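Single chain ahead, written as structure tokens, the form predicted on its own.
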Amino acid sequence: MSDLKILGIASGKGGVGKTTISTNLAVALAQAGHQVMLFDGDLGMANAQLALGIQADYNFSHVINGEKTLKEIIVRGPAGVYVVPGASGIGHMANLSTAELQGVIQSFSEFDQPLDYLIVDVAAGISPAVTTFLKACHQTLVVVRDEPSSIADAYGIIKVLATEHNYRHIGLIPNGVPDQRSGQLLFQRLNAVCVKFLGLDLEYTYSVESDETVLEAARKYQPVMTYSPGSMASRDFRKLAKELDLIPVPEHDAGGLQFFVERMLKTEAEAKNG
């Protein structure tokens, strides 16, 4: 794989398994031979490193305030995943000064290891920080459960991205479904609404079926991919990784980590200028 593929993992509400999807997908891609970085983009309640069972002495806030470089805060997770620990309580990225933003750009550009995937695990909901990150990604994947509140909130985040930000590359990951057919039906229901009211065709990736092993792994602070490689959930994550591998990066969007940061800052500039 020659170009970095940047995937944003989002959800309309908390509690639908977004971080579980992000962490296990990162491990699945790494186990398939890819170089993967997981960026915990939840600036309010970062928890991806906990889900991977790793401890981080420093986090993204130390990069922003200039105390550390990106290289210095990165920790290695299962299967060799590069993990950028999230920071708590930063708030909107637009509040960063020019000097702080330049420091972030510098830190990302200094990371010289080749990467195939950057997975950005954003906060639940649709705050300005969330849209800043998602608009800098090639593809947004919205995690949804077959529950009325989850479906309504997933539609809400898709509507904001499509109508307010003209974002078109949106996929859906049904989570905790009884079987693949149920996941496909959930996708079809939500996609029909998006086509009718937003003129937007969502992209179906793959579903993650309900599996008690996921909860068992979480209690042990491990991704299910390493806790129980033979489980149904691990099988689904491997299949999801294969499906995402087939999605091409648009030629005009090709680039490394600098692309992600430049897009992020462009979004912020647009937000500041109204």
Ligand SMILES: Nc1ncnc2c1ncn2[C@@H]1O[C@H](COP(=O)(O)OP(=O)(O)OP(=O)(O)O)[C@@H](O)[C@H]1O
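Heads up: residue numbers just count along the shown sequence, starting at 1. Only a predicted model underlies this, so the values are computations on that prediction, with no experimental measurement involved.
Not on display, but discussed next: the form predicted in complex with this ligand.
Residue 124, heavy atom within 4.5 angstroms of this ligand in the model of the complex: Yes, contact at 4.5 Å.
Might residue 32 be said to contact this ligand in the model of the complex, defining contact as any heavy atom within 4.5 Å? No.
Verify the contact flag for residue 175: yes if a non-hydrogen atom of it lies within 4.5 Å of a non-hydrogen atom of this ligand in the model of the complex, no if not. Within the cut-off, so yes.
Heavy atom to heavy atom, is residue 264 within 4.5 Å of this ligand in the model of the complex? Contact with this ligand, no.
One residue of 69, 61, 228, 210 in contact with this ligand, assessed in the model of the complex (non-hydrogen atom, 4.5 angstroms): If I apply the 4.5 Å criterion carefully, the residue I get is 210.
Would all three of 107, 115 and 257 be in contact with this ligand in the model of the complex, where contact means some heavy atom lies within 4.5 Å? So, no: the whole triplet misses this ligand.
If we take heavy atoms and a 4.5 Å cut-off, which stretch out of 194-202, 149-157, 175-183, 74-82 is in contact with this ligand in the model of the complex? Careful reading of the contacts points to 175-183.
Contacts with this ligand in the model of the complex, stretch 210-247 (heavy atom within 4.5 Å): The stretch touches the partner through 210, 211, 214, 215, 218.
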